[in-house]
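Next up, structure tokens for two forms of one chain, structure 1 and then structure 2.
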Structure 1
């Protein structure tokens, strides 16, 4: 079920989306156990659909299951955050490379317009659009790669985990001003059809973001 193009139709679909949301938002604590019976009561569905929903959030790497024991929400350790961002750097770097090769001229124009509107929003002092804007930017590049495997892995797999870290560790979107300039550079490289540079810049951008998060984590720990 592609979350973008397709609608939830079955009860398992809705339960899966609700469960994923509850986990990402921390409504269900990280590291806690998922009782099938409890969830069945909570969502007012049978255990069978809960099991299917759990299987699907497991696909997103949001929970881990053990046979005859049950499923637990993943723990949010700094180490896992780093390893997650390493994967993200790798995949989104490739996405930027492919986007430079495969995005249509119209899509690139739209991307530029998005950045312009984003700039105005930032300058006007409004902040709560930041994360949405950031996600939107990355999202367009991912889709611009035109690579189905890549798109699925990022949008259905990794991104929810990243959001989970952002929400639960209280990270207010990306580093605002500097990140914006980096976005511009990436977009420009894509517009120039410079695949090599687009990949390098995207990887650096994500690396910076990771370092920024790691620093924040250390500060919070002290």
Structure 2
């Protein structure tokens, strides 16, 4: 299955995808303990299926286990955000550089069209983030890198943990417009085949986003 936009095949697949989505969306709270019994009732499956789903979600870095405590959803914290986004900045900066070199003209056109479709959301002032997969600007660029190792590190490793921060803390207010403008600038650099500029702009964009999310985390904590 595609690591981001999988189609469920078995009950275990379906439970895994739903559990992952519920954690990313905040329907199962960050930092909360996961009860196999409660989740089995929630998803109408056996505890064995739930146990497998929890194990699979753990590989997405959304769940952690502690001695004498069991499995918990990871907590969102400024320290973890900084650590995660340092890695994201480096890897997605590289992805943008490679995308400028490797994306086809048709793929770049599709990327521009995707941003056009996002414009309505931006103009409405709604929270600006995209669903997982092909409608996600960042995901398109990751795939556009054409580097299988990099794609795996981002989509199978930290993608959904990044989404957890993006979805639950989201962009709102003036940051919506500036983030969208940054997306436009990155896409234009890719279209111009300016690999160095694409990487610089992507790294800067992720740094700005990190600072924005860290501020919101601190505000929520206080």
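Rigid core here is just the name for the largest C-alpha set that superposes within 1.5 Å across the two forms. Residue numbers count along the first chain shown, from 1. Just so we're clear, the structure is a prediction, and the values are computed from it rather than from any experiment.
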Just one of these is the form predicted in complex with the DNA; is it 1 or 2? 1
Answer yes if the Cα of residue 190 shifts by 2 angstroms or more between structure 1 and structure 2 on a rigid-core superposition, and no otherwise. no
Exceeds or equals 2 Å, Cα of residue 210 between structure 1 and structure 2, core fit: no
Shift of residue 19 between structure 1 and structure 2 at or above 2 Å (CA, core fit): yes
Keeping the rigid core superposed, can you check how far the CA atom of residue 44 moves between structure 1 and structure 2, in angstrom? 8.9
Residue 59 CA shift between structure 1 and structure 2 in angstrom, with the core used for superposition: 3.6
